[in-house]
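Listed next as structure tokens is one chain, alone, in the form predicted on its own.
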Amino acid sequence: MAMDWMVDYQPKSGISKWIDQRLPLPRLVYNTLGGYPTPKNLNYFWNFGSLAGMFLVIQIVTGIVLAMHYSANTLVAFNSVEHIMRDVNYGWLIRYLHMNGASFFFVVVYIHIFRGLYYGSYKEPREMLWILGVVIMLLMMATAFMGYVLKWGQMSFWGAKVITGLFSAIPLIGTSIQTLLVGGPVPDNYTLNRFFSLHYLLPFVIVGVVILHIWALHIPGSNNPLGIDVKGPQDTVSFHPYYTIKDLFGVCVALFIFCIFVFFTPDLLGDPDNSIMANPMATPAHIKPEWYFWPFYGILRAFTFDFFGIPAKLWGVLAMFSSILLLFVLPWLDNSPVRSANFRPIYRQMFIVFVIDILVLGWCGGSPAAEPYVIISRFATAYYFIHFLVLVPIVARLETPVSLPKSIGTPVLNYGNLQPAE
């Protein structure tokens, strides 16, 4: 529902009135942040949206600086990264910020998505908000994959070879898509140039989608832990200063943890094999992508035999992409009228099992392609699709939710049960 009681921006000085009439940028900023009425009961899980924006800015700024010193050529790409680390003033800091920033970006976005799944933020009227969020995640994945290849280390090269080779499994057009993406039969100099160009461009595309994401958020307003609509100004507070201070606290905590990784364990989240220059003649013992792709890689590797005449490789590709595409239709798979899992006891238990299932898929995806990891990933993959295609629709129809509060103010201020001061 639209928030009709939102306080509009009112310029006070003559200069601000003149600017507002010709370029209402201060009005846009105020209505987006300062004057935006926000549910008064948001918890710290709502901090991760602003944290994602912060890490996006870190990635763009550090990426621009790194691009000034990087050479997109297979003969010198690896050495140019070493040059950044050793010879460029504070180059080591910029690269570690960028490298670990990618991991932290995915951490906060994944938590942001799981928060949406738990509190039903994908439900009406926020379907478009959810869809744009999934689009941002897909763009992040493409950007991160291409950036990982740019170092041109062993895992970069072989990861690119394996992942781009998946497209060849698509009948009729797969080989053409692979050639278009790679630029030739195998990853080489033309691949590096393509990936560098796209890796530099896509973050700005992400910024554009983020703007649409925020726009889509401000039409119905923010969801809240109770999953009920705000009834009026008594259920809201202005975003500034209440949630700007709360977000600032979250930013300080996140930056503190981030700096621990950057300054004390900068290579912890990376693969040691990627510190070796790419060698097409030496295959690593265990090829795997970055950790934030492991759950999807576990789904890909769960298919090891042909089924119904369809090659196992194609099954794996279809399953991996379908696992993400399912998120686009989730608002229509779950038609429960109750949003928050706090009032859906069965769905809440399902959600816990689903999170465990994702962790198991990630564990299998980061492990060698051998038993027992393959068989475990098959069961985990099966449950992933059963969760979305079977359990979520059935539970939405059969579950009896707990009674919802009448308003946000009821549990927050405990209206009707206030005791007089003594």
Partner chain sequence: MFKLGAFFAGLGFAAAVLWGIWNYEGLAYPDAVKQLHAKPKEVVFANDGAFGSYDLAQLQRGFAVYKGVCSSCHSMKLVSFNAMRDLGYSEAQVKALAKTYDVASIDDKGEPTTRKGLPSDNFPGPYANDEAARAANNGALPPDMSLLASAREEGPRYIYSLITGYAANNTAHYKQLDETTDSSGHKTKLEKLVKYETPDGKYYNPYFSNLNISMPPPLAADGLVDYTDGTKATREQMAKDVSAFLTWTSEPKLEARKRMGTNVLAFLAVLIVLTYLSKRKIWANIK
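Not measured: the values here are computed from a predicted model. Numbering follows the first chain given and starts at 1.
The form predicted together with the partner chain exists for this protein as well; it is not shown, and the discussion that follows is about that form.
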Since the partner isn't included here, can you check whether the partner chain sits close to all of Ser71, Leu359 and Trp363 in the predicted complex (heavy atom within 4.5 Å for each)? no
Option touching the partner chain, based on a heavy atom within 4.5 Å in the predicted complex, out of Trp215, Phe204, Tyr190, Phe249: Phe249
Out of Cys259, Val76, Ile177, Ile352, which one falls within 4.5 Å of the partner chain in the predicted complex, going by heavy atoms? Cys259
How about Asp306 - does it come within 4.5 Å of the partner chain in the predicted complex, if we only consider non-hydrogen atoms? yes
Taking heavy atoms and a 4.5 Å cut-off, does Glu82 contact the partner chain in the predicted complex? yes
With the partner left out here, check for me: in the predicted complex, does some heavy atom of Thr283 sit within 4.5 Å of the partner chain? no
Is the gap between Arg86 and the partner chain in the predicted complex 4.5 Å or less for some heavy atom pair? yes
Partner-proximal stretch of 177 to 185, 133 to 141, 225 to 233, 321 to 329 relative to the partner chain in the predicted complex, 4.5 angstroms, heavy atom: 321 to 329
Partner contacts for 377 to 398, taking the partner chain in the predicted complex and a 4.5 Å heavy atom cut-off: Arg378, Phe379, Thr381, Ala382, Phe385, Ile386, Leu389, Val390, Pro393, Ile394
